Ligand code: NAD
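Take a look at this one chain, the form predicted alone, written out in structure tokens.
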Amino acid sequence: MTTSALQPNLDPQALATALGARHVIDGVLTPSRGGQGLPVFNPATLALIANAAAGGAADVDAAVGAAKRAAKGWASVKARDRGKAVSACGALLAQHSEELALLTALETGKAIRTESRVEAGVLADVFVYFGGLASELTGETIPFAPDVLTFTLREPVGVVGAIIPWNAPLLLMALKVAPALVAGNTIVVKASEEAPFGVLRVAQLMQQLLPAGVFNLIVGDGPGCGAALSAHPDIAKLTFTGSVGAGRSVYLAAAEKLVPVTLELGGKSPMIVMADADLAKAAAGAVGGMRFTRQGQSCTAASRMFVHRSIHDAFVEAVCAAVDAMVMGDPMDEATDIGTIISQRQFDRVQSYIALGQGLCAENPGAKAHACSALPTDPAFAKGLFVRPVIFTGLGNDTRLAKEEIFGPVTMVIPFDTYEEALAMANDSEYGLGATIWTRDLGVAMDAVHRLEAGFVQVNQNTVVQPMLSYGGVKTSGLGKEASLASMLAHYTHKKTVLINMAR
């Protein structure tokens, strides 16, 4: 790795080409053992960017072997020194923030201004945040007996296997890597073959500050690479973010080996708007909460909006007007608000749900599909994976649109008459990741906080995941939490109890 290769590079295509068909294993950029790579296309134009590595069992074994060899040495480093190294990684990544934003926009189609640049900034912040928590890896003293010194220690679990998705690859990788490293573990990350280059660049840069083998990153699909990592006998902990189906497979692999697992899975997050809510703020919160700037590709997207009947029509009008005013186009353009869907497969899936909803509207008088914003007119993006956001009204909470995670810019607005009715519909889901309620009544807000079946509940706001705020779901939305000190202690260390008999 040359010094010039580690300088900030604002040519994302050149970076992607240099990282093509590569992993980061044992401190170096390593060609894939899997032969031919997997093509990664620019979702705004469908032009080939480069090939991703087609990682398989041999790549997994090499990466896990490197992590295992490095594990004892890294665990023996003083906790605060590990924290300093991880914080330094955050500072380094902040210096490369713009190139990471450009690379992310190129491969995911997420708009540079509204999405990719924000994510690149939070990436660096996550490493700095967890680096500062190294001195909090403390144990406890226990008053077991006067002549027995009894205390607990926090020790690393060993080699962590982490599998991340494509929708927010920088952020979701950081939320796994940073706490794992600070806690004294080594890690192997399996990145999505649909968005590999940004996280590869992060791993490449961090090798300057970490011992070889501490942080390894491999790229490949789920069946060929993710399954091999999940099943590897030297993986002592699994952490996964992705779909419910794939999460079940990871859970089964963990159960077979009896190792701990953290799962952050899907969502169908409800948003309740009471009659007394500030309508303008609630409408703005709906636009942000639905992650329209990310084409709705978020597990916390507010894809079910329950609005009091007295303000339903005004709310729909306000949300549609706000989304209509958003510019869809070139993800690299600073004027763009909304980028693209990630891949042709996901594009087809989203379009199938929109067609389903349009069919239901045709069958139900009064139902309507409100298509908002406008597709780009530049011929250069005629083949791009752009989808107009659609807001469905007049359909019930019992439809597939309300039950299934679409992972696209599609939401439903459903009227209600009573608070209890809204609460019942909000909880009528297999998912339980996020939920919001908009009201000026503190009593109603606090009641909803306790009764909404979700792991991440907000009142009068709809912010995204932030470091230091414990994040994770209930029901089929997952197991365990991320993003906080408590989650680092719970998921990346184990507690050892020590008794020393001092009787004479």
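Keep in mind that what you see is a predicted model, and the values were worked out from it rather than measured. A residue's number is simply how far along the shown sequence it sits, counting from 1.
The same protein has a further form, the form predicted together with the ligand, not shown here; the description that follows concerns it.
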If you check in the model of the complex, do A191, G220 and Y471 all have a non-hydrogen atom within 4.5 Å of the ligand? yes
Could you tell me if R345 has a non-hydrogen atom within 4.5 Å of the ligand in the model of the complex? yes
Counting only non-hydrogen atoms and a 4.5 angstroms cut-off, does A227 reach the ligand in the model of the complex? yes
Would you check, heavy atoms only and a 4.5 Å threshold, whether T152 touches the ligand in the model of the complex? no
Does G267 reach the ligand in the model of the complex, with heavy atoms at most 4.5 Å apart? yes
In contact with the ligand in the model of the complex (heavy atoms, 4.5 Å), from 178 to 186, 102 to 110, 129 to 137, 243 to 251, is stretch 243 to 251
Check each of L433, A174, A283, A426 and return the one that places a heavy atom within 4.5 angstroms of the ligand in the model of the complex. L433
Between D330, E405, E119, D337, only one gets a heavy atom within 4.5 angstroms of the ligand in the model of the complex; which residue is that? E405
Sequence-ordered residues of 141 to 178 touching the ligand in the model of the complex, heavy atom within 4.5 Å: I163, I164, P165, W166, N167, L172
